[in-house]
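This document starts with one chain, in the form predicted on its own, laid out as structure tokens.
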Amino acid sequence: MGWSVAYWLKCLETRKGALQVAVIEKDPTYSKASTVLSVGGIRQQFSLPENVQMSLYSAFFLRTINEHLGVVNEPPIDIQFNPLGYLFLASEDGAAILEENVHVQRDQGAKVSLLSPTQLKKKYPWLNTDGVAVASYGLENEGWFDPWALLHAFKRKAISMGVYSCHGEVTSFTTSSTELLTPERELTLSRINYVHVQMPNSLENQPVECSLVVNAAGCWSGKLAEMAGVGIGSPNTQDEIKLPVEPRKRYVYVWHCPDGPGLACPTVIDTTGTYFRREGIGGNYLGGLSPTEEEEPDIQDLKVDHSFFQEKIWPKLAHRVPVFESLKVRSAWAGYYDYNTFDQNAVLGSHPLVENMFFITGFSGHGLQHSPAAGRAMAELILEGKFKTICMEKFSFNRFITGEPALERNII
């Protein structure tokens, strides 16, 4: 998200060199970054029009990525896109909602088909259709790609355009404040003047003067917002409303099954929420399942709970794809979602009281695929004062004040 915003700011600036942009990275190896630990999916099958529009724009961007992010005298970008689509399965209880979602997707221009259990069995004979009432399948612009390739392409292009890459950790902000008297009460407006960056392997703390700050810290963006005073004010006021984004750990398992679904296997989303897709041509697959609130794992480290696969995921996989009864787990990893506890959707826009802090976070698992569109939207808001390509007002911080969630049905 940070590198996408940086690229779009330089791309849309009114004259070359008009903006000075710095991206501050705590860990430039990205060893724990959500991006490189993602499974790299892209889909149009969301229930909110804004999310569908972001997916459509991002798919266009990825198809034409070398026109956007290509750098002179550098090799062309290959994001290794696999256009095999997403297949959502719905039970009788979920059939009406899935069909409503498809109607929204088609209205936005997405190509999505509905399949009956008979059609499913004919198209995917390895699939057990028991308990499936209807399915939806993305006909184009869906599949998966290499997350690292996209991150590296954004970063390389942004740096070539003059963006400064800083290896360090933001430790605090210096702010100034103004009291504003309204008919209801007195408000305190604040502004960030300096970002304090701790340099690696050093006691040095560098103050960086800035006109605005984009909080693209992913699952740690709530903590960063608190440093600027967001959510630490007096009770029963706007000042106490936090940015409701926190880290949630998710597991991805890789297994081998030589007799499993063939090369045309899409990303399958079961009625239970379990998902899987093929990985390469060697009979390997990857997948996972979001835990319930009661099962949420400890976030102190990225250790994998292998019993979660054995007890919660494998029985569901074996039911849906009978040949998976004989699968063997080969590896696994864990990563963090930047989980929005309010409605599991993006937070895009400025803060009403910290006037020069902007947010691009809270995507709850679908951020990578939306990064081209979300980064452009943020740059438009900063430079033009409004969203232009896609209206993102629904995702503003203000919804936490009014208590109106932007609920997305298709969270994986």
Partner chain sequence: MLKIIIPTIMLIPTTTMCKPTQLWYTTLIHSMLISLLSLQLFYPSLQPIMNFSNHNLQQNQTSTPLIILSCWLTPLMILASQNHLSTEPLSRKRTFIITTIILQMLLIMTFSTTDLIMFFVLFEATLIPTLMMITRWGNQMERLNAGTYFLFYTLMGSLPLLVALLSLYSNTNSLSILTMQLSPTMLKNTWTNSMWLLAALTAFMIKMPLYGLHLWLPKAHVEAPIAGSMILAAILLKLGGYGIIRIMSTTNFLSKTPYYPFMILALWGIIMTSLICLRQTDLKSLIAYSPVSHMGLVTAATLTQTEWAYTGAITLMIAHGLTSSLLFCLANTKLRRIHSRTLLLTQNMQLLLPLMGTWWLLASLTNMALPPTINLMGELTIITSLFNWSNTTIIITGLGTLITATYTLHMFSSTQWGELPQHIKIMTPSHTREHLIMTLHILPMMLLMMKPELIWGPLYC
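Quick caveat: nothing in here was measured; it's all calculated off a predicted structure. Residue numbers count along the first chain shown, from 1.
There is also a form predicted in complex with its partner chain; it is not shown, and the following applies to it.
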Q: Indicate whether Leu383 is a 4.5 Å heavy atom neighbour of its partner chain in the predicted bound form.
A: yes
Q: Please run the contact check for Glu92 against its partner chain in the predicted bound form: heavy atoms, 4.5 angstroms, yes or no?
A: no
**Q.** Contact flag, Gly403 vs its partner chain in the predicted bound form, heavy atom cut 4.5 Å
**A.** no
**Q.** Any non-hydrogen atom of Glu209 within 4.5 angstroms of its partner chain in the predicted bound form
**A.** yes
Q: Sort through Arg376, Arg43, His366, His351 and report the residue having a heavy atom within 4.5 Å of its partner chain in the predicted bound form.
A: His351
**Q.** Among the candidates Val254, Ile299, Leu189, Leu84, the residue which, in the predicted bound form, approaches its partner chain to within 4.5 Å (heavy atoms)
**A.** Leu189
Q: Considering its partner chain in the predicted bound form, find the one stretch among 351-359, 58-66, 31-39, 44-52 with heavy atoms no farther than 4.5 Å from it.
A: 351-359
Q: Give a yes or no on whether every one of Glu13, Ala18 and Leu180 sits within 4.5 angstroms of its partner chain in the predicted bound form by heavy atom.
A: yes
